[in-house]
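What follows is one chain in structure tokens, specifically the form predicted on its own.
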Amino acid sequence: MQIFATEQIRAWDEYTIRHEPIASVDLMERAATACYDWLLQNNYKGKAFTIFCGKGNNGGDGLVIARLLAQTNHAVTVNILEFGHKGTVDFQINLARLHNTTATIRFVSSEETVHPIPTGDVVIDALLGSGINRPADGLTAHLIQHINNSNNEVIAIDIPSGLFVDHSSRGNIVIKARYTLSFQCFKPAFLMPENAAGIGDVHLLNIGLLPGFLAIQDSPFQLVDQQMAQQLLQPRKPFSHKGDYGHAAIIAGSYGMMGAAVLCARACLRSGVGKLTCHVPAVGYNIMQTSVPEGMCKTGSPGENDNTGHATQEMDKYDTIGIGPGLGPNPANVSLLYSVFEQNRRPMVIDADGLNAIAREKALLNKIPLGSILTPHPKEFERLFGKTANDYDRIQLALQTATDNNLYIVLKGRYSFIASPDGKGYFNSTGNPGMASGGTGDVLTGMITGLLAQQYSPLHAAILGVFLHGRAGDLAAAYASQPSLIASDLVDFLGQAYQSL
């Protein structure tokens, strides 16, 4: 699914108006009716509503919702932000229609004309919409603060007022919605952690915008969804054998952190790899052989540090390598990475303490095999590439870094972001807060490593790995709850995640 910014969404509306064809006021009716239907289907039938409207098309949506509610015997009060202009044509048409209902209409022209919001009323925010290009100020900002201070439940239409669609809103005065009812596709703003307090739960409503537009409009961002994941999945051939599905190596673990290595190895095997060799320190040999009997195991040569030494001979024989989980803050990790990068120039997966070693020894960045996949969480990303002022800047830095170094960067989070060297970015749609638990990143590293070994391209391995990782988490949470979720649950539910595709 493509992710569109303001101008692209407006162009999609215009494309539909021209080619369906449909009048813009009728398209507004369709969008607002979808919101009205959502309200009735989600236990808001019979409640009282206070609706705030600007005089743009977002306000027009609010007026249609008000009319539909009033016509079905809901108590409705509409507050229209008044700056002395008539508003858009579609707004004016729907204001005239609203006058023929029982809705109470008020015009807010100063702070003195702002009325208290009745306790228990559901507030509908249709003040500004997605077309704003500067922060809310003056009376508009006062009204937003008034809504936020009311403690009433707030539902935003299209996007919470005051929030920018495609750049940072840090410092803006923004509506804090419980739900955001938006149309047709995700906007970049909905995918940024910094906007979580404003957007609440986002619900996308299909308003019948013509799909033909998608074939002529490119977008730098896409949402990884079920359809995309299904298209990437490679079916197994009936006469295949384990040699057809790759030989992967996992270099992981140290004293007290062998769990990370076990999780990574188990996930790699569950992802479908043909063969796996685990390179672990001698202290972890019995743990790995017992916990992961399907994997082979190598340790450092006799005389090496039993706690941290990893065998690094013949690394070129592997189809791919996953390195980093549980290595610990060992200075020897730097030389370990140099050795591995020198021996094997195929794309590999680097995570956790592997990334931290690169952050300490920045020269390693230029030694990483081209096409490799880095999987940092935000703090690891910051240590690697520097601080950014906001989430949008971090996304842009990930894209620039991926392009400059011919690498793929999986920036982990609620909507994990995959930056591709071709400048395109992919937000993942699966996953839940229960996955904010130690070890889930190690599982992801193992999964992507296994997919790379099976000859998925680096981009497809990253996309499919992140999607299946989140899907396994969703299935596990549905079975056992989000608070109880642990990393090994993801491995246990990976088979069902595959089945879901």
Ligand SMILES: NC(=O)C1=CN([C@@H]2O[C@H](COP(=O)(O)OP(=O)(O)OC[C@H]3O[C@@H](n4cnc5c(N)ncnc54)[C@H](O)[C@@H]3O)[C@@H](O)[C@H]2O)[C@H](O)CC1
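Just so we're clear, the structure is a prediction, and the values are computed from it rather than from any experiment. We number the residues from 1 along the sequence you see.
We do not show the form predicted together with the ligand, though everything after this point is about it.
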Residue 129 within 4.5 Å of the ligand in the predicted bound form, heavy atoms: yes
Contact flag, residue 344 vs the ligand in the predicted bound form, heavy atom cut 4.5 Å: no
Exercise: residue 489 in contact with the ligand in the predicted bound form, heavy atom 4.5 Å: no
The ligand contact in the predicted bound form: residue 381, any heavy atom under 4.5 Å: no
Stretch in contact in the predicted bound form with the ligand, which is absent here, among 269 to 277, 217 to 225, 383 to 391, 82 to 90 (heavy atoms within 4.5 Å): 82 to 90
Contact check for 330, 332 and 361 against the ligand in the predicted bound form, heavy atom at 4.5 Å: no
Option touching the ligand, based on a heavy atom within 4.5 Å in the predicted bound form, out of 119, 73, 133, 366: 133
Answer option from 470, 59, 458, 441, heavy atom within 4.5 Å of the ligand in the predicted bound form: 59
Within 21 to 48, the residues that have a heavy atom no more than 4.5 Å from the ligand in the predicted bound form: 27, 28, 31
